[in-house]
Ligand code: PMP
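A single chain comes next, written as structure tokens; it is the form predicted on its own.
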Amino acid sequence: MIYFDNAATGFPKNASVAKAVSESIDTCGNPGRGGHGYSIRAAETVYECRKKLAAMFGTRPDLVVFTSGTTESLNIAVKGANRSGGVTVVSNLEHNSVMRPLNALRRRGETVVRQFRVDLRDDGATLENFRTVSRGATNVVITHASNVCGRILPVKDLRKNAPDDAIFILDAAQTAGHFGFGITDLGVDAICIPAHKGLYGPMGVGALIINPESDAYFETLIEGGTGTNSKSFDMPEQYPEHLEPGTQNVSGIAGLSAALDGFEYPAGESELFFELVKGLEQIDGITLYGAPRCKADLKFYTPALLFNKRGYDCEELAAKLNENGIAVRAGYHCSPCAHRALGSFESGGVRVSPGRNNSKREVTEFLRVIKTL
């Protein structure tokens, strides 16, 4: 099987990830819930992963909050930072992990949502669109890169053009692991990441990463036991315990920790991505949505490409590709905003997303199959 669905989850994982998960099941107890060896081993496993993520994204280990994934991280950040009656600004490329929590707040009258248009060809125009709607904003929640077309947003410049006191939250589901970036350099208050995409860790783990220079304080989304301050009915005030109620996914965290050992950012993804773009452009009946136009544009993209082929429903085309041993994802990719922006809302589309384990031969085979359908 040629796997071109890495925007959904990076695959395959390193063997060390599965080994770490398996070993943790046999050696780890519940962290912070005892002074015995099994509990201590679990606590050490969790802390080692915190340190690795803190080093990768430029924060302190205590400001790495483990979650079940980017969706939970975004819910904690969006709802925990919301100021009732405030204004939240988002882009028109957002995933439902941003839009649904905000819509829930909007329905309750707890925020007003404003949306700005991302110009896929001109970051200057994007910034101007942002400035127009961001006056008076209390929160900004944006994707780092679209999960539908891969377009990277100019986050650092958007932060500089946002109100100084606005809390700025970044959905980095499609960028974490694809290239390096630091939270203090970007200037955002929080970054939300998954383990299982560009970092090639297990599913079911993610992190909310908080800027050590930020004054933002995120209120709890859920409450429960933390293994600390057990006499109190209130959650601890300090991070990470403040936002980590209940038993953690220690096995998943162990797998992520193993994935981070010796981690290197991929070198060949952009080249494969561009070969896909140029190859599809030459096939009759193909429509591309929001793709880079030339090699110089690759710095603005992560490897996710949306297309359709004349005469095929997108789901039908994905099924045909599957029959030919190629895994892609069709439909709306949990991002109706992006499909509206790209002009594919009525039809949906087929997303092809190469990753670090793919090869030029696989791209050639994919293009051959598309031509024959």
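Because the structure is a prediction, the values reported are computed rather than measured. Residue numbers here begin at 1 and follow the sequence given.
Same protein, other form: the form predicted in complex with the named molecule, not shown, and the subject of what follows.
Heavy atoms within 4.5 Å of the named molecule in the predicted complex map, among the stretches 76 to 84, 287 to 295, 142 to 150, 118 to 126, onto 142 to 150 alone. Of the candidates 177, 303, 252, 194, 194 is the one whose heavy atoms come within 4.5 Å of the named molecule in the predicted complex; the others do not. Only one of 226, 111, 134, 97 comes within 4.5 Å of the named molecule in the predicted complex through a heavy atom, and that residue is 97.
Among heavy atoms of residue 31, none comes within 4.5 Å of the named molecule in the predicted complex. By the criterion of a heavy atom within 4.5 Å, residue 69 is counted among the residues contacting the named molecule in the predicted complex. Remark: residue 256 does not count among the residues lining the named molecule in the predicted complex, judged by a heavy atom distance of 4.5 Å or less.
Contact check for residue 243: no non-hydrogen atom falls within 4.5 Å of the named molecule in the predicted complex.
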